[in-house]
Every structure is written in structure tokens, then in C-alpha cells.
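The C-alpha cells that follow cover one protein chain in two forms, given apart as structure 1 and structure 2.
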Structure 1
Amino acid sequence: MPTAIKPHRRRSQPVGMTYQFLPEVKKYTTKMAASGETMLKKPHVGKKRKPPTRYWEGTEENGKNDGKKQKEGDNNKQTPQQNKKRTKEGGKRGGAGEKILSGKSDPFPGSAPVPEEKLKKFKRGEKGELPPRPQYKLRDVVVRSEAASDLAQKQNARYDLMLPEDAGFLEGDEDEDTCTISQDDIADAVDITAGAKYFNLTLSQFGPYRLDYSKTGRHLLLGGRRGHVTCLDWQSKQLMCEMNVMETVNDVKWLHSEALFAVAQKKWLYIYDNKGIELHCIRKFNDVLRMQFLPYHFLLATASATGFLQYLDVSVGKEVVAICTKAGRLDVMAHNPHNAIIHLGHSNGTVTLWTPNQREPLVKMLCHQGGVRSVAVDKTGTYMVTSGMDKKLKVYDIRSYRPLQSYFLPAGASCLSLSQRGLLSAATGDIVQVYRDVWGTPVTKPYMAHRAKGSVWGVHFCPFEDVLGVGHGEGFTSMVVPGAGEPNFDGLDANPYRSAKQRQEWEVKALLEKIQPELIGLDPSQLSQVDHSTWEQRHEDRVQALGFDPLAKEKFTPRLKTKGRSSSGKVEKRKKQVAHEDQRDVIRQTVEDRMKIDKERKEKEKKEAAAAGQKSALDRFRK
């Protein structure tokens, strides 16, 4: 029964092919157009040598070919039409070296190519498999959306070339270590505005200081251990407020904008506005030691001396959840900017990962022997850097929880901070070291180093600037670290130059798209993935309710045929023809793939052989 086989054959066209090669199609056509002329020169029929004559060619030739042309008749007639079609296609794409009216050819035909790594930067996830052909509507939807996202990716990559700023850098002479270059040298070498970013604030009375930069990087908040709290626009050095809260200050943190900040004081958590007016005293949050602010969730996460991890929703002023970690005093805390998970370091050397949705830690990692002193997570949520009492600095891949690097620092690092471009600052005693690319090749020397006046209490990279803020016993130092900050900011997300009106508008928009705390999880893109398990459960329920499976495939029953064609043997044969129909495509695909690979390999070998060995005289005897 050949009719039964036919559909298979048709379906056996590799399903993924059209889709996989979607971008390739273009390439193919341009190639066609480019080689169009040469292709046309080839004989259409075996005998014919010359292409059909054209009226614009010389009249002599015309006369010559006249006789031939009549002879060849029909075959000849078709070629001009095909020719036209092809040139038309070629015209659209602008094939390489194609001539235009003036006789010049475009040396760069078509649109400019986009560099591969740029495209990779804007890639979001892998492409899924296309649904099978019978679901043609869904298939169409998927193909269209894939095409749209490809286009967006390409456009983004193109736009990336037009970004105005380049990142900073610092290079020493051949034998010179960049870490020996002092801040004064850098400040002297660069222009005045950039040089002014290196400055010291001598505040010896109320130190040591903790600090925080606002999300846009314009504003600096300093909190001295002995109660001195001040916030300023650090670039213009304009003081916004200064006060002494007459209590121990454990930590300070900007909230979503530069209008509000939180101060963890001796007993309670306080919220002030940028004039220094106390807005709230939150008595539910006591003995807070460290704070982290999750800007897209409007959550202030606090870790307290009593072992509680608490979340405060600052947009509504409610406590979201209070988790008793049962891990003692919590004074090491970091948050993962990629998925808003809180990392806590403990005195037994473990680092635990928390969300507000679960009372237990998501992950517990043993990172150090002895206590953890500091934790930092990079912007993409790939790497975690920890330092411990064992004087080690370790780098982990927190997608797979694998250790990548381990360094030994003679003095051990007390504070860590990661910049937007992946520089790591580590404070050891009164020295701040900056390392570059700690997760790649093992680092032997710091990128930069600087000695502060007192023992360092807090380090923080300024977003969108090449600046590292260092809070220490004698005040505050703003260090210039070339290459630390992201050079190009996004005006709709964090704009350092925004006006008051723009800030208001941003605030409204940001509040409208506040992410609910329930959506915090290890994988932030989980919402966009297909939920197979729920579907299966629902399908099971449906089968239960209906009493049959509505999606079940109908069993094949061979039709009754007359004249001996329904003998049991024939029926079995017919059944065999449709058996394992679903697997056939897969099998055929794999066989085809294998054959293709084999063929490629053989060709490659042949080429290599041709390239490598000159033909020896003995080759002729080879089979």
C-alpha cells in the first residue's frame, strides 16, 4: 500500500531544519544572487555551450547565433525567464559585486554583519523545538515569535555599537605592576573632574564608617559606628543632611531612591528622609546588624543579632516575613542582584541562601573552615566570593555551587565588594586591594591597592562610576578604580543625571511593576517556562472525569477489503506499515544526521589529505 507510506516520506523532512536554518536562508539567497551570473553561464542543456544572445550584446554575434537559436527552439525560450527571475531576487538582496547603473559595484553589499559575541550577549535562552507539523497553527506562532526575537536580538546588538562611553582602564609599563600606582598618580594623570573623585573625608570622631551608594550612584550615605549619619551628593560634595542619632549605628542603606534611607541602630530600625527627619521607627525589627535592599521588590532584608532574617516591604510598610535562621548572630549578608536571594554567612563556615517564601534555607554551603567574614555576589548572579577566618578567599559558581578558585590572603579579607564590571575589592586591615577577574585564571597580584588611614569597616563600589568608597576608622576615602563601573547606564532604569520630574515618573513606574515577594526563587525566568507537571496533573484529572483519554491516539484498525485483500497476512502487513509511526521520524532524523556527519568527515579528510600530501608517484596504485 504505497499510499500509506507516502505521508511518512513527506513528513520525514527534518522538522527542525527550516527553523534552525532560518537565519541561514538569507545567506543562501545572497549567495545565489552573487553567483547568479556564473550559474547562468553554465549550459542549461548538455550540448549548448553559449548563453542565449541578448539584444544589448553586439549585433555581430546576433547574426552568428541566429541559425542556432532557431534550431534549439523550446529549451532556449525558457532560459530568459529564469534569468529574469534570478536577477530580480538578486536585486533585492544586493549581491556582492553586483553592478549598478553607473557601473560601480557596491563593495559592502547588504546589511553590515553583526559580531557573534554581541549577538550572544543579547541572547535569551536556547531555542526550543518546534511543535510537530500537524499542530501547524502553534508552529506558525512559534516560528513568528522566534523570528521576532531574532530580529530584536540583532537590533539590540547593532545598537550596542552606538553606545557612547567606553570603560576605563589602567595599564602600567611593561614591568610595572598596576598595584604600585598610587591614587595621587592616577588623580594627577586624569582630567580634573575624574581626579576629583579621589578624596578623603576626615571624620575621626565617630568612626568607623559604613557606607552605601544609591542605585544611580549619585548619592552617598555614611554611617559612623558612634552615631554619625550623613548623606551627600558626593560628586558635587553637597551635603544633604548630617546628624548624630546618639546611638550605635550598625548599618545604613538607601531605599529605592535618594529620598529615603534606613539606619539600623542599637535597638530598632529607623527610616529617615534625605533631610534627616525620622519618618519611622520600626519596632518589629530589633538588633539589626546588616541590611540589604532589593530594589525591584521594594524589600528591605535585615539580619539581626538574634538570628532573625526579616523582610520589610517598604512600599506598604509591612513586614513580609520573619525567618528564624537558628544560626546565631547574623553579621554577614549579601544579596544576589540576579535573583534577589539573600546570602548569609555564618560563624561555622557555612553560607546559606534564603527567600522570603521558605522557612528553611534553599541551599547550605560549607565554604570555610572557621567563620565566614564576608560574602559578595556578582551582578549576573553567576559567581559568589567569600572570605573567611581561615584567611582564604574563595570563588564559587552559584549556579552549580562549585568552587572555582581559592586564594590565600595573609591577612584575610574583612569586607568584600564586587563592581559592575566584575572587579573585586577586599579589605585586609587598613589596606584595600582590588582584584581583577578572580574567577578566570588564578590571580597572583592585585590590580590596585590602597592603604586607608584606619582599619577598613566597609567597602562599596559606586555604580556607573570608576569609584570605590571605603569607610574606615578615620572617615571615608573615595578611591579611583579605573574600569570598575558600567560605562553606559540605561536612562529608564538608573539614570544618574535624572531630574526631579524624571525621578518621580520613574518612581511611579517602578512601584507599578513591583515584583511580589512570592516570585523570588533561584531561577527568575521560571515564570516564562512551560509548566509540564501542572498540565499533566490536570490532564489526569480530566481523564478521570471523562472516563477516557480525549488526547489518546486512535488505534489503527485496518479497513475491510474484498477479493482476498483482508486475509490475516495482508491485514498484519497493513498494520505493520503504520506501526511505530511516531518513532519513525526520529529514527530517520538520526540516521540522516549520522550520514551527514559521516559525509562531512569524509570530505574533510579528503581535503586534508589533498592539502597535506603532494601526490606521490605511488598514489596511482592506491585504491
Structure 2
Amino acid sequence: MPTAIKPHRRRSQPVGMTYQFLPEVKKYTTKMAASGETMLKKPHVGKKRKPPTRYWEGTEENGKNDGKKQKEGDNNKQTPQQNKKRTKEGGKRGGAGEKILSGKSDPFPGSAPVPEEKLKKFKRGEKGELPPRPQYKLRDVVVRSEAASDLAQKQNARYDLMLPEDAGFLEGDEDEDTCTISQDDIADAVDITAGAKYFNLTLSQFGPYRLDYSKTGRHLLLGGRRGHVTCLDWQSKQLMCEMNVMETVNDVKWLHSEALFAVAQKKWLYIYDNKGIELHCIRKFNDVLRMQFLPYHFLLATASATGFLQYLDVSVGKEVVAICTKAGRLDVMAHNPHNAIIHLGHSNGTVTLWTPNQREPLVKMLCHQGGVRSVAVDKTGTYMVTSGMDKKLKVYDIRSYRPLQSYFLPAGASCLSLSQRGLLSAATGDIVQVYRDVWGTPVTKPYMAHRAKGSVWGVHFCPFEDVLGVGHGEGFTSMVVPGAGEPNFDGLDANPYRSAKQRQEWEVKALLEKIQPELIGLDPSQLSQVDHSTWEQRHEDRVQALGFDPLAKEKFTPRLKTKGRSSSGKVEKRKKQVAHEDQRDVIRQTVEDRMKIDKERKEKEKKEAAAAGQKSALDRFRK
């Protein structure tokens, strides 16, 4: 009868434990020798290969060689060298020309290529020159920093392909202009959630209203001219607070979060929380007409009727600077999100650019023949749109300070606002018009249009939403503008769905990363560059103070040697040798400069001869 071979029991396994066998392990059978037959000592066919070693067999051999008995838990442990070796071997898997477990080579070795357009989108500026090799520490830091920047650029470009949302758009039927489509038709055509974003608030008693959306785009702040102030979560229509300050309200503005907001009242500036409790009354800021908040600097910039531009640091509650613009009443104000520059419009048709570091304007532009009515700047800091009393709407390139487009509006535009996707809203009386791509090809007709119930007092696009808020004399209107908002938000910067705990953690981190007012300038990329002229001036001042140059090369002093090698002749010989080496560098540099000058002179002579076009008999002797 055939007999089954019993499995071998491990020595270190306790008695009484059950065993689980792998399904691929087969049971081998042998036949008993018949009577009168002798068994072969060696088979006539040898083994082709050694059978695979199981993990328990390898453990036993190691235990025999070491002469020690180890427990099962010790057998399963691996040394760090084995883990490191296994990690290195696993890292080679799937490389170019390498075969993987299935035996086939990877048809797409390495990482997937990233499109050049995506890389340009996340480019962080041009790379600077590396420091010289003697400064190896600084050179190493710069190289590692640029490598980290390149890695972040590639990762952002890769993740940009996986963003779930796309920008919206509006298309009409054949021979139908999108500007003729009403808000009611849009609300009926879209889903219930998007249709609920179009609504009207009838507040005819305390209007007209100015408005502001929070940085996350979830909360709305309204301020009526006759003292009515309210803030709410406009998506859920949940009221946060409502009050009447019993005096004129000129402007309202959210601060760094939805927990605090500022109100420019008739006489002074007030700070409230989202429950309507008055926290501060800042009497240094009087007669404020317009406000702008710089989120990364924690600065509240105010423009007053007395012609003063003031900055308030809301993190410590102190005034940073008060600048007298000497331009009269300041009721037109905007800020550049790219470099935190404040743009002010004046009654003489000029627009000035200001920072808290200087008492004079950085740039002064003549934009209109009449007074400036409104100014808006896009989020990239490239384009500026202005409207004036001359009924013109002009688009400027801030990089070159030149006009790109000029449009004539029959009644002019009183309020301007730019969305995250580049849409421009212009309010004329009770008509709100939205234009698309105003700095590209000339626009002949608006993208959308809407008639409000009263005269428009303020317009503002909601961040990360296709919504335009309009404050007018009869209350507030929320318009649906497809394609206005950025579809994908950065959860670490502005998260509309963050909890109270996340908001607190973000606030602490933002305070730690606050940018100082001294760093505000026209070109933010200059912060990573070295000011050589300033360094040279400081070096000269240091030399004059010390009486010697601390960075100068020390005079060579030969080292004292024994056995007659420090005699006067040998010491002088060593000094001359070192002096000759220094002279070689000077001579080499002089020769290179002379050759460069000669080359430039010859090229200049050739150009002059070619320009003259006259040949002489001696030209054939020239090389």
C-alpha cells in the first residue's frame, strides 16, 4: 500500500500546535519493494535542480551552524542590513531594461513625463547663478533649494492633472447672445444647489449696501449706508449677526478670518467679532472711506477723506505708518494680490501705487482725462482695469505701465471687480455687465448682463464660486456667473469646508509665517537676490572703521623648517615662488582682457569696412 510522507516538525515549535500547509505542497507516495527485488541505491535519473528552500529549513540550518536554539519570534526578525539590502533590490524593480516578477520588461520605464505647459504654470521664477566653488557651503544650500523647488514644481504639475473640478461656462443656442440670458433662466436650467446661489435680499430701508466676501468665499458681510451691518453664511443662509450702528457706514471688510471684521463708520474705525460685539474703536483712523486687507501681512490699509493712507497691523493692534498722499479725498482704492501694493485713484485722473516703506508713490500713472471712479487688479498682478469720468474703461499692463485696451461706455462704470478666472464686472447705474477676456482681443459685447432693483453701490466676485455679489439701493443680489470662480481650492490656504479647529490651527500657522511690511515692493522676486552695491558700500564702511581690509588675502609668511631648510636664501626663494603664483593670476587676467579688447576692436573694424564697402590695393595684404 502507498504511504504518505509525514511533514517535518520544526524543533522550535512547541508540541500541541497545529500546522497549516500551503496548498501547493504535494504529498509524495512510494511503493514498497516486491519480494525478491532489490532496491536501487541510486536512481538512474539525477535531480535537475535543488528543491526550493522553505523558511523553516533555512532557520534550522542557521540554528545548526550557530549552535543555538532560537525562538520563532527571533527567527522572523531581520537585521537592518537585510532590510536595507531588500529595499535597494526592490528599488531596482521596474527600471529601464529590468525584468519584473512576470518576466517581462517594463514598457514604460521611469516616471511619467510631465507636459511643459503644466510645468510653466507652476514655475517659480528663473534660476539664479550658483556661487563660486570656494563657497561650497552656500553652493550646496542653493543646489538643494533649487532641487526642492524643481521637485515641488513637478509634483504640482502632476497633481494638477488629477484635479476633480473644471471651470464652468455659458453657451447659448444658435444665433443667441449669452448676454440676453436672464438669471431666472439660468437658475431653472442648472441643478438645485447651483440654482440656490441666485437670490435677492430686499433691504430697502437702510441701503445702499457695500459688501465683502471672506477669503474662503463662504461668508458674506453687508454694510448699509444708513448703519445696517450684517454677516451671514450665504450658502446655508444662516445669519451670524445683525445690528445697526446708528451712524453712516462707508465700508466693511473681513479681516484674516470670518471671526473678525472692520467697519468704517462716520467718524472712526471699529472692529467687531462675528457675534456683533464691539472689540475695538481705533480713533487714530478717522474719516475712513475705503479699506483693503492684506492677508499675508495682516495689514488693514485705509484711505480717508483727509487724504491719509494708513496701515494697521491687526495681529498686534498697532498703526504701522500714516502717509499723507497730498491728493485730497481718497474714495477709490484697490490692492494688488501679487505684491500687496495699494492702488489709489484720484480726482485728477491719476492712479498712484503705494507701499508702507516710502512716503512718496512708487508709480504715478495718468489714466483718464477726468477723475478716476474705480480700479481693479487681477490676482496675478499683471493687469489693472480703471474707469473714469471720461466714460472710458481702460486696461493696463502693470509690468510696462502701458494701456492695452480702451473701451467707451455710454454712461461710464462706477464699480469694477475682477474674478479669479479673469472675468470683469462693470456696474453702470442699475445695470451690471460682465465681460470676458478684456485684455486680449477687443470685446464688442458683454458676456452677461443683469438689471438690479436699485442703483449699484458695490460689486464683488465670490472666491471659488461662480457667484457675483451686487449691493444696491434696494438690498443685495447674488448673481450666477458661470466660469467666474476657481474650481479647485488650496485646502492649506483657503478651505471653505474647514472646521473651527482647523481654522485655529491655520491662524496660528499664518501668524508664524506673517510677512513683514518692510518686504513689500513692486517686484517680490528681488527678495531672493543679493544687493551687491549695498554689500560693497557696507564693506567700504567696515574697512574705514577698522583701518584694514578683513577680507584681504594675508601676506605669505614661510613656515619655519629645521635641518637648515629655513636659511635666508631658501626663505626668500619660497616667498618669490608664492609671489610669482599671484602674479601669474594677475597677468593671465590682464592678457584675457587685452585679447577681448583686441577681438572687439577687430570686429568693429570689420563692420566699419563692410559698411564703407570701399576696397583698396592694400586689403589683399591683410589677414
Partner chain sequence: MVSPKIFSQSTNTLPANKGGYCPQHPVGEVTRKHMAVRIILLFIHINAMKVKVLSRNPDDYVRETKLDIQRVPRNYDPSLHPFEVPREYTRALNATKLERVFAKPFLASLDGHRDGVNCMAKHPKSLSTMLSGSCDGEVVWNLTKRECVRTLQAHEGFVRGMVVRFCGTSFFTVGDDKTIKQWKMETPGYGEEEEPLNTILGKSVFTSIDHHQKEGVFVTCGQQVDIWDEQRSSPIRSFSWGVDSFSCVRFNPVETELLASCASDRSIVLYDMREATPLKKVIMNMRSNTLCWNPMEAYNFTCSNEDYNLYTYDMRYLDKPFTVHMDHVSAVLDVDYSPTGKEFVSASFDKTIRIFPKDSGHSREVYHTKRMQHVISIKWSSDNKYILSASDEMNIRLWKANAAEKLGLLAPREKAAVNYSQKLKDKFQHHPQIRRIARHRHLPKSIYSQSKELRVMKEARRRKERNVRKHSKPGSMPVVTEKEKHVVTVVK
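Under this definition, the rigid core comprises the largest set of C-alpha atoms superposing within 1.5 Å between the forms. By convention here, residues take numbers in order along the sequence of structure 1, the first being 1. This one's a predicted model, so the numbers in the text were calculated from it and none came from an experiment.
Undergrad: If only one of the two is the form predicted alone, which is it?
TA: That would be structure 2, which is the form predicted alone.
Undergrad: Superposing on the rigid core, I want to see if V142 changes position between structure 1 and structure 2 - specifically a Cα shift of 2 Å or more.
TA: Yes, V142 moves 2 Å or more.
Undergrad: Quick one: once the rigid core is lined up, does L522 have its C-alpha move by 2 Å or more between structure 1 and structure 2?
TA: Stays below the 2 Å threshold, so no.
Undergrad: Could you check, with the core superposed, whether the Cα atom of V543 shifts 2 Å or more between structure 1 and structure 2?
TA: For V543, whose C-alpha is compared between structure 1 and structure 2 after core superposition, the shift is 2 Å or more.
Undergrad: Quote the shift of the Cα of A152 between structure 1 and structure 2 to one decimal place in Å, the two forms being superposed on the rigid core.
TA: For A152, the alpha-carbon shift amounts to 3.3 Å.
Undergrad: For T590, give the CA shift between structure 1 and structure 2 in Å, the superposition being done on the rigid core.
TA: A shift of 22.1 Å at the C-alpha.
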